[in-house]
Each structure stands twice: as structure tokens, then as C-alpha cells.
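Given next are two forms of a protein chain, the same chain in both, each as C-alpha cells and marked structure 1 or structure 2.
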Structure 1
Amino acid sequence: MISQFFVLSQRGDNIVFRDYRSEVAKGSAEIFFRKVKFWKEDGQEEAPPVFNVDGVNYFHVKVVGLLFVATTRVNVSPSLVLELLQRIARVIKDYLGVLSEDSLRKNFVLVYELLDEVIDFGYVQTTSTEVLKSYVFNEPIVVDAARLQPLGPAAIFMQGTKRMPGTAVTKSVLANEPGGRKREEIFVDIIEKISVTFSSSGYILTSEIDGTIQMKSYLSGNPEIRLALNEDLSIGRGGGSIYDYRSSSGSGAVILDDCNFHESVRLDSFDMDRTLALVPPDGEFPVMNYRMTQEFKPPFRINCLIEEAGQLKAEVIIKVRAEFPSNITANTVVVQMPLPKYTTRASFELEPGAVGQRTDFKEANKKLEWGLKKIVGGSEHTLRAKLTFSQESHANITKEAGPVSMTFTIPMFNVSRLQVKYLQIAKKSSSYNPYRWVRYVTQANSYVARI
């Protein structure tokens, strides 16, 4: 049971504010914002998603730079409220096509319509995009998607990749194509976030894949869908430590540690042939989340060397090698490395002929940053940096710098080898053949090499 719901901009302005129970004073938004902004005097620490001020519990989630907040005085389930906030954001996005400060401001009446039906007197009524359709009478005012921050992992498909129909993910569930006809299409995205930690000698300390099969359906008439996964997929690793790397390599089977499913998914034949059956509701939703610690070949190898080179000087060499097929390209790659605190200057040297790369020394937090627009599979890139120090280092210089971390996105590639073998849509007529998009993407969650 929640008392209020509101959305604040990054500057702390109220964009939407709904009081459901009048139990919490009106000034709560300001109290909340001040608390979040100045959580610790040094400004270093982020406020936790849930905190209590004078008996009022504040919950918040950050979505595209906006703060979605709920308040209550009751000792509720924090998961419930945080899930709810996230879900409200998603429902709003389903209706507005894009979620941003601008689109919210332009459509706040529609948003209020939604909020009135999602929650009544603090109790959740429905968060189903589909059910809500019958309560919403305003039409969305569409904002230009091109200059917006991406929302969620699926949004990467918008980033100028020609293969993807860019408008699809930013289309409102209420939208009609020109000519009044809805375009029949369905998107299935396999999104994998990978975490890898390499030891200083280059071997893998930990690795994990957190995957989601996300679906967004624009099919009319709610046909049933069957989604077939790898037949050799197995779930759960019997006995022993799940970090037992010997067990799985080479066998070729995809072994998930665990997974969970959206409530619309029926698993009747899942045990038999690894097929998920569902009638997809409107809007975007995760069909299945999975987690995997099975060994996989990391897409990048990172080598890093830091050496003293005379008095008050040191040299850093970072080498990144892409270990995926050459028909695949990673984009928006950023390599970061904290340098010793007493670093005053860094000069960079890229390989001859390097294009689409940038280097930067962030003076304020003493960080080296190396951005690469693209890395083609199989290629290798090197960065050399000469550092100047303001004081002599006493201790081992490798203890003062690092670790190297990396972020990247690799479209049409997934490391787990989990696949959607086919996507079957129950046919209404012989001519019914909606567009089906099955897309894969791998992103770095925490990709770290220690030095």
C-alpha cells in the first residue's frame, strides 16, 4: 500500500504527482529530493533506493534520468513497491512510445489516466498495458525519439543500426500506422549482460551471464506464440559448486543455473522440447530471465601493463583483443582505468592509422578513458599512455592503479549460445504473416581486468 506517487526530473521538478491516501504531507517531494541529492556530505555516496525520513518511507527507481518515487508510512514489501515503480515506468513507456521528461510533460494527462487505474487508494489494481487500454482516452503526443536517451537494453537497436526498424521500439501501443492499419509485428530480443573478472595473470576469476528474453508484441487479436529454445538446454546444475568449470566445457550443451518466467508463459511442453507457449500481452515484457555461470569464451581479452619509466614517470600499455568472429562488430566500446592519485598528466599514443578512437585523462577523478567506436571481431587494439607524477610513488605502482574496466555492446552476438530456434505464431488465416524480429545483443555489465 503506497501513499503517494510522483515523478521528478533530474533537477527535482515535479512532473507528475499523485496523492492516493493523504497520509503524507504535500512537501514530501522536496524532502525526498533534498535527501537524495545530499545523501552524504561529500556527495560520494548514492542514496539507497529506500530510506525513511520522519516515519515516511521513500522508494525510488531511476529510469532515463527521471526519479520515479513512492511514499508510504506502512511497513510494506520493498520489492513490491520497487517492482511496481519499474512497472509503472514501463507501462507509461508502452503508451507514450518513448519515456522522457519531454514526453511525460506533453502527456501528463494521459499519465494521470494511467495512474488512476494502476493504483486506487494505494492498492495496485492492474499494471497490464492491455487491460489499461480500455481506461485510457487521451491519445499520446509523440515526441521525437532520435534525440532521447535510450531506455532499457532493447533501446540499443535504435542506435543507428540500419538493420533494425528503429521506430519499432519507440512506438506507442496505441499508435496506428498511416492508413489506420496496425502493422502486425513482434520483437523478441535476447539480451545478455556479461560480467567477467580477469586476474592479473589473465585467467578468469568469475564470470556470469544475466540474460533476458524480452518480447514486444504489436499483434492484433492476441494469437498464441510458441518460442522454441535450444533442445539441449538444461537448467540447474546438480550438486557441487556451481563454479565447477570442468563439468561443462566441451559438451556443447547450454546449462542455465536458474531462470524465471513471465506469468503469461506456459511451460507445459518445456520439459519435453524446450518450448515456451504464451499469449503475449501488449507492451514490452520479459518472457524469461536466466542466469548462467557456465564457462564461456569472453568476447574480449584485456592486457594491461603499468611500469615506472624513470623518475616521476610511468608508462601504461593497454591491449584489447576481440575474440569473436570477424563478421561481428562491437560498438560503443569504452575502456577505463583509474591511475595513481598523484598523476598530473597523461599523454596518449594510439596505433598508427587508428580511426574512431578517442583518449582522455579525467583530471578530477584521475581516470584514463579510451573510447573506440567500433571493434571488428578478431582485431587487436593498443593504447600507450605516458604518465607524469607529482610525487614519487612509495609502494608498488600496480597497487595504486587499476583495475581496467570495459563497457561495450555487441549486436547480433550472444555468448551463452542460447537461441530462439523458431518463433511460431498461431495463424488466423493463410495470408497472416506478421513480421518477426529475433535479435541478439551482448552487453558488458562488469567487465574487469585486474593488474
Structure 2
Amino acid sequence: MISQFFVLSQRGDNIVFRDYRSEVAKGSAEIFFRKVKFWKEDGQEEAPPVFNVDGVNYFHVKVVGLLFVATTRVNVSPSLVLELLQRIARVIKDYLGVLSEDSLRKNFVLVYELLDEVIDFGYVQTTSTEVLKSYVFNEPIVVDAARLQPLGPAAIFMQGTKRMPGTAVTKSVLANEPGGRKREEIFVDIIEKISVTFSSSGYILTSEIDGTIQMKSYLSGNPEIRLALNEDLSIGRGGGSIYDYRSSSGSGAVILDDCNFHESVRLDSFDMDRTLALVPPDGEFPVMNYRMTQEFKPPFRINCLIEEAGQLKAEVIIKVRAEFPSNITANTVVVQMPLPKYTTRASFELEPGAVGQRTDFKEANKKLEWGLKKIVGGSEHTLRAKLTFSQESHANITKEAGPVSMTFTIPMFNVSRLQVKYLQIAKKSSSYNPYRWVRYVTQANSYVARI
């Protein structure tokens, strides 16, 4: 049960505000934004997703630069409210096509209509795009996606030889092509978030993949779809069944620890030939979520060395090596490393001919940051940093610095080797041949190397 819902811009402007129960003061949006902008508690630089101010619980998620916020005075499940905020953002994106400050302002009537159907007197009714179609009657005002800064999964696929159409994932579920026709197409995204921890000597201590198969359908008439995965796919560490603890089916097999499916998925032939049958609902939805702790080759190797270089000085050398094929490119790579608290200055030296790289020393929280616009598979990059201290180190310097963490996005690559073998759509006629787009992406969830 929530009292208020609002959406704020990065500047703190109130774009959407809905008060369902009149239990929380009207100035809550201003209180929330000031608290988040100037957060200083617990030694953290960013506010947590849930916090309490004067008896009011604030829940928020950040989606493409916008803050989606809910407030309540009662003790509700934080996971429930955070999931609700993500789903509201997804529903609004399904209807508007593009989620941005501009599209929300131009379609505020449609957004308020959606909010009144999704939540009634603070209680959730439905977050299904399919169900809401029966109750929502306003048409979206289409915002030109070309003018927008590319954010989120849609942007990371816009590279390589086969580019997607510009309107691909920025189309409303209600919108038609010029001339009133609907472009028949379907998108399947395999998105994997990987967590890896390396020891100081480079060995892998922990590794895990959290994956999801997302689907967005623009097919008229809701035809049945069959989606085939790897035939050597096993679920459960023991092999074929999660309850069957025999030896695993071959070293090359893809072994998932566990998985769950969307309610529309039928698993009649899944055990036989690893195919999923479903009639996709409107909007974006997860067909399957899965988790995997089987050993995999990490996409990057990180080596870090820090040593004293005279009185009140030290030198840091960070090497990053891409372990994936040379036809794959990683984007928006950021390497961070906390430095000793008494560091006063850091000067950086990049390798000769370095392009698209930036370095920064965040003095407020004593952190080294190294950004690389892109890294081609098989390449190696090195950063040298000379540190100046305000006092002598009384302990081992390596214990006061690190660990090195890394964030990245690698389009058209997945480490689990889970693949969509084919995507079959029930034909209405011999000429019916909709566009099919299958895309892969790997992102860092927690990628850490100890020093």
C-alpha cells in the first residue's frame, strides 16, 4: 500500500505527481530530492533505494535518468514497492515507446490514466500492458527517438554490421506505421549480468551469472511462438533434472542452477527438445530468468600492482586484458579503485596512442577512476598512476587500497553460451514473414579484483 507516487527529473522537477491517500505532506517530493542530492549518511555517496525521513518511508529507483518514487507511512515490503516502481516504468515505456522527460510531459494525460488503472487508493490492481489495453483509451503522442541520448539496453545494440531499425525498441505498443499498417516484428534479448571476484594472484574466487531472456512483441493477432534453446541445456547442478543428482551431461553443456518462466510459457516439450511455446502478451516481459554458477571464462582479466616509490609517494599499475574474440567490442568500460585516505594527489600516464580514455582522481572519496570508451577483444590496456600522500603509511599500503572494480557492457556476446537456436512464429498465411531480432548483451554486476 503506497500513499504517493511521483517522477522527478535529474534537476528535481516534478514531472508526474499522484497522491492516492493524502497521508503524506505535499512537500514530500522536495524533501526527498534534497535528501538524495545531499546524502552524507553511512559514509555513502549515494542514497540507498529505501530510507525513512520523519516517519515517511521513501522508495526510489532510477530509470534512464528519471527518479521513480513512492512514499508510505506503513511498513510495506521494500522488494514489493521497488518491483512495482520498475513495472510502472516498464508499462509507461510500453505505451509511450520512449521513456524520457519530454515524452512524459507530452503524454501526461495518458500517464495519469495509466497510473489510475495500475494503482487504486494505494493498492496495486495490475501492471500488465495486455490487461491495461482494455481500460486505457488515450493515444500516445510519439516523441522523436533520434533526438534522445541513447540510454539503456536499446542503445547497446546499435552497432555491428546488422543494425536494427531506428524505431526498433522505441515504439509504443499502440503505434502503427505511417499509412495505418503495423510493422510485424519481435525482439528477443538475452541479457546477462555477471559477478566475478578475483584473488590477488588472479584466481577466480566466485563467479555467477544472472540472466534473463526478454521479449517484446509487435505481432498482430498474437500468434504462437516457439523458442528453441541449446539442446545440451541442463537445469540443476546434477544434470537433466533439478532433483536428479547424476553426473552432468558433458563438459561443453550449459548447466543452469535454477530458472523460472513467465506465466504465458508452456513447457510441454521443454524436457524433450528444450523448446518454449508461448503466446506473447503485449509489451516487454521476461520469458525466462536464470542463474548459473558453472565455471565460465571471464571476459576481462585485471592485474593491479601498487608499491611505494620513495617517501610519501607510491605508484599504481592497472592492466586490463580483454579475453573475448577480436570481432567483439566492449563499451562504456569504467575501472575504479579506492586509494589510501591520506592520498592528496594523483597524476596519470596512459599508454602511447591511447584514444577515447579518461582518468580522474575523486578527491572527496579518494577514488581513482579510469574510463575507456571501447575495448576490442584480445587487446590489453595499461594505466600508471603516481600517488602523493600527506603522511607516511604505517601499514602495508596494499591493505589500505583497493579492491579494483569494473563496469562494462559487451553487445552481441554472452559468457554462459546459452543461445536461441530458432524463433518460430505460427504462420497466418504463406506471405506472413515478420522480422525477428535476437540480440545478446553481457553487463558487469559486480566485477572485482583484490590486490
Partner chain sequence: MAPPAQSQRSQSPSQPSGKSEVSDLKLQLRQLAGSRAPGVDDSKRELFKKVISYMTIGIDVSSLFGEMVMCSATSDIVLKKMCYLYVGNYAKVNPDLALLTINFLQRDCHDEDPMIRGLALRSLCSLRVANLVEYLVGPLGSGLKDSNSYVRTVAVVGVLKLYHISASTCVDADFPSTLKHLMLNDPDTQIVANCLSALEEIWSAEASTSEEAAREREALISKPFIYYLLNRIKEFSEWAQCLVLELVTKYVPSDSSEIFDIMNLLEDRLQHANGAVVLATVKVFLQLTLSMTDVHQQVYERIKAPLLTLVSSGSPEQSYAVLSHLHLLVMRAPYVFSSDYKHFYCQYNEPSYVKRLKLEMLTAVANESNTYEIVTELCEYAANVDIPIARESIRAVGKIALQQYDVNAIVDRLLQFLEMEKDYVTAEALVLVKDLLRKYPQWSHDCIAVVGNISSKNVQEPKAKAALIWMLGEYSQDMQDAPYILESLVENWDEEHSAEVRLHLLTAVMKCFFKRPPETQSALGAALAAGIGDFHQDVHDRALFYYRILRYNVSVAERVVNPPKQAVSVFADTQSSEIKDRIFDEFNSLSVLYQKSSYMFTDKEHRGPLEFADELGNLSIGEAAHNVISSQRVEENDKDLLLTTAEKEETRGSSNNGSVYAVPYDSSTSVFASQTQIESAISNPTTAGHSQHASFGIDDLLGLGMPAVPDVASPPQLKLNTKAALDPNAFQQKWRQLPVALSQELSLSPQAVASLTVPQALLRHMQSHSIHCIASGGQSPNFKFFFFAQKYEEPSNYLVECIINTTSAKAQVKIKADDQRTSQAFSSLFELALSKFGTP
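Rigid core: the largest C-alpha set superposing within 1.5 Å between the two forms. What you are looking at is a predicted structure, and each value in this text was computed from that prediction instead of being measured. Throughout, residue numbering runs from 1 along the sequence of structure 1.
query = Looking at both forms of the chain, which one is the form predicted in complex with the partner chain?
reply = If we ask which form is the one predicted in complex with the partner chain, the answer is structure 1.
query = Ala322: CA shift of at least 2 Å between structure 1 and structure 2 after core fit?
reply = Moves: no, less than 2 Å.
query = Core aligned, does the CA of Pro434 move at least 2 Å between structure 1 and structure 2?
reply = No, because once the rigid core is superposed, the C-alpha of Pro434 moves less than 2 Å between structure 1 and structure 2.
message = Core superposed first: is there a CA shift of 2 Å or greater at Val98 between structure 1 and structure 2?
response = Shift of 2 Å or more: yes.
request  = Report, in Å with one decimal, the C-alpha displacement of Asn75 between structure 1 and structure 2 after core superposition.
outcome  = Its C-alpha shift, to one decimal, is 7.0 Å.
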